[in-house]
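Below sits a lone chain in structure tokens, taken as the form predicted alone.
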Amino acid sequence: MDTTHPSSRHQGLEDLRYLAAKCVRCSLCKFPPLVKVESQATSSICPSIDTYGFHSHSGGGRVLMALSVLEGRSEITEATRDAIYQCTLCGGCDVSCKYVSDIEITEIMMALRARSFDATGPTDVQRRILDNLDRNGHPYESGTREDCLADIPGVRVGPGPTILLLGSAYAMSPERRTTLRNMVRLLGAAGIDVSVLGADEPDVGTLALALGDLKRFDRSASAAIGMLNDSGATEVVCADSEDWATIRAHWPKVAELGPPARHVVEVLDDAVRAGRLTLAHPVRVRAAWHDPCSLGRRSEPYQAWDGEVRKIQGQLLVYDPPRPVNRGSSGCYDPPRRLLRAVPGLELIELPRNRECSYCCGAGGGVAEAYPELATAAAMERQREAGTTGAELLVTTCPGCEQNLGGVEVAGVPTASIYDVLAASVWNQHDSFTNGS
């Protein structure tokens, strides 16, 4: 049974067969676009195949797996399921493939996850996550979204014109509390009056989507969209990059969100450029910027297409009307860089793999919970890359990236959130991050 749900625009494997069949086995999905490769050391884009070494763990390998399942040549066994889920869904393979093709690798891999979930159900780890979502409204074993509010003095709880969605990763992680507090203080200093929903904040469906539980995702997204549309809010601001990518790229498959959604770094960038937030104090550090996959290539807005695929000259596929293709270049790349460049004394360094060709931190796609060896290997690779640049600090803006990259310092480069760096400049608060001076 295919996994297209009539109530939404998710594409099932059968819908994507014509794209999967276009794979020519070139293996370009394993590397950054070759015109952007700077050295052998940074010539890979896929943490999964870097860790496990088999073609099955590449974008192209999973496309072949999808075709094999579709055509009845393979079944989804335990080993197959591992290969399907041992992937961060970072989208690196998708960007590289689209330099020469228009195959939607990420969409195919997500449809394959949905087929696996429908056929075999969740793994034990995934079942615990989903049970926690049912019981607690978040993927953690205990705690509430209100736990973090005591650390944010003066924050307004309840509906308001600008709703800040904290997300579970910030709200439920004690180690992220300082960062969350700095984020909210920065918004306040910029004159942006935000409200949070506390215990009423809905789950946006990010993990359900990543695990392939599309029915649960549809329910979560529909409920969250309805709540926000009924709240009277004129703007939604996202703290968690993963949730922002879900809202931008996948919520439109379910329903339309009325108020516009922006990420916190976009809001703060606008405030600094308009003179509403002043970065006054020097922060003398050489900082490398890590582009989170969810803030960058995976955050491109969803573009619906309802057209016809025709074959001409016996082999060429054409789309009528032309099918829109996201190539990863329209994510949020410039706002965080402008913010860091505006900090006095800070020297911004670009990592060799950057923007849409960024190397994943390893925390996404449910990998951190189910396959920690992959999450650790990816973080170590990214840390080694940072170490080659002479950076003293690795800066990012995603709670998953902050935690995973900060958990391994193989190159001696500490990790910090951009909000902690900005707080150091606004309030001379140099204890906000490890390497402040």
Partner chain sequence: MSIVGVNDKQADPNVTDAERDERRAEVAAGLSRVVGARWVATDPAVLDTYTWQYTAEAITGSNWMQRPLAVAMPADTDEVAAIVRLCNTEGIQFKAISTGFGAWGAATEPDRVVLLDLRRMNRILEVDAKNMYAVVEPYVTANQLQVEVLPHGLNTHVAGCGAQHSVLASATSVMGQGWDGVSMGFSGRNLLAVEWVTPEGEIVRSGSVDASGEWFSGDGPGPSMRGIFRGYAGAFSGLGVFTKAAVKLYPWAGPGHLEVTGSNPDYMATIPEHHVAAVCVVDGWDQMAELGYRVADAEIATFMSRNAPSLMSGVLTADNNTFADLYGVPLFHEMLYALVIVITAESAEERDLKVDMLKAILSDLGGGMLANLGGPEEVRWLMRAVRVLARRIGPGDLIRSVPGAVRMLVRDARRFGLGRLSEYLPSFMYMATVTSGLNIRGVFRFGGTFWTAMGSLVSWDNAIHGAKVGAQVKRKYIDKGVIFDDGADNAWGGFYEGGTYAHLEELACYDPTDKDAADAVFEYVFETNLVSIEHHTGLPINAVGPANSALFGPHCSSYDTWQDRIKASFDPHNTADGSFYVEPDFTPNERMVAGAENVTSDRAPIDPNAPDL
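The shown structure was predicted, so the numbers you read here are calculated from the model rather than taken from an experiment. Positions refer to the first chain, counted from 1.
Below, we turn to the form predicted in complex with the partner chain, even though it does not appear here.
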Is it the case that 106, 348 and 384 all touch the partner chain in the model of the complex, with a non-hydrogen atom of each within 4.5 angstroms?
no
Only hit among 341, 156, 73, 276 for heavy atom within 4.5 Å of the partner chain in the model of the complex is 73
Could you work out which of 280, 79, 199, 150 is the residue within 4.5 angstroms of the partner chain in the model of the complex, going by heavy atoms?
79
The partner chain in the model of the complex: contacting segment from 199-207, 281-289, 232-240, 308-316, heavy atom within 4.5 Å:
308-316
Find out whether any non-hydrogen atom of residue 53 is located within 4.5 angstroms of the partner chain in the model of the complex, and reply yes or no.
yes
Find out whether any non-hydrogen atom of residue 368 is located within 4.5 angstroms of the partner chain in the model of the complex, and reply yes or no.
no
Would residue 98 sit within 4.5 Å of the partner chain in the model of the complex, counting heavy atoms only?
yes
Can you tell me if residue 357 lies within 4.5 angstroms of the partner chain in the model of the complex, counting non-hydrogen atoms only?
yes
Under the 4.5 Å heavy atom criterion, name the residues of 320-337 that approach the partner chain in the model of the complex, in sequence order.
322, 327, 329
